[in-house]
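A single chain comes next, written as structure tokens; it is the form predicted on its own.
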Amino acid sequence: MVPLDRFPLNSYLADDPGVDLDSWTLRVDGAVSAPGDYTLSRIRELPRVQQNTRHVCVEGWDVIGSFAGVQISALLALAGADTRARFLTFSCADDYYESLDMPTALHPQSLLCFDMHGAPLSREHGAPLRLILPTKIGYKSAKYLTGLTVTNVLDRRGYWEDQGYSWFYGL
């Protein structure tokens, strides 16, 4: 496992988009029975999962880090998501955006991550909440999450995917 100070940073616009960590919420909407703004403390009440995950960058590097959070499936269950929907879309504080197919979201190792290497996520690594997706290439693991929509329609596939990169990009 790579030490935290050697875990590379890749950012879209900035290493810190200035999220107000005290008032942050994750907006959950779309095909869910309990839409709303979910606080980090509420998300942290869900069963915690810790795992070592290999993060593979499209640029050719990879590292293993220690991450903790909740399974995406746990938040979907809390929100009453219709898991027959095909996609999840994510919005981020830095205007990045991403999407996943529902089977990837339901994978037991797909996390909404709030801790890294035994401590809360740093701003540079996506605080307060980011995706960790061991079955996908690194650009799918969006940082600074602010919204999650359960849907059957993809208006935007993902920032890099809309530039021509692979949408599915499984490992």
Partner chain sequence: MRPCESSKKRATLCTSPEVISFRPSGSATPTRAAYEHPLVIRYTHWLTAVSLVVLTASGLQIFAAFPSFGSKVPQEDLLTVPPAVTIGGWLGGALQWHFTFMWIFIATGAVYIGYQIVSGRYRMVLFTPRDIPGVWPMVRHYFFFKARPPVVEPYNPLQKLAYTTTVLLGVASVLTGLVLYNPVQFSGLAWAMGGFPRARIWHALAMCGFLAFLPGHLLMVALHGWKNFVAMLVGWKKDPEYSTSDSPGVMPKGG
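What you see is a predicted model, and the numbers here were worked out from it, not measured in a lab. Residue numbers count along the first chain shown, from 1.
Missing here is the form predicted in complex with its partner chain; even so, the following discussion is about that form.
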Which of 52-60, 111-119, 140-148, 30-38 lines the interface with its partner chain in the predicted bound form (heavy atom within 4.5 Å): 52-60
Although the partner isn't part of this model, could you tell me whether T25 comes within 4.5 Å of its partner chain in the predicted bound form, counting any heavy atom of the residue? no
Within 4.5 Å, heavy atoms only: does P134 come near its partner chain in the predicted bound form? yes
Wondering, does N152 line up within 4.5 Å of its partner chain in the predicted bound form on heavy atoms? no
My question is simply whether M1 lines the interface with its partner chain in the predicted bound form - judged by any non-hydrogen atom within 4.5 Å. no
Across 144-171, the residues having a non-hydrogen atom within 4.5 Å of its partner chain in the predicted bound form turn out to be W160, Q163, G164, Y165, Y169, G170, L171
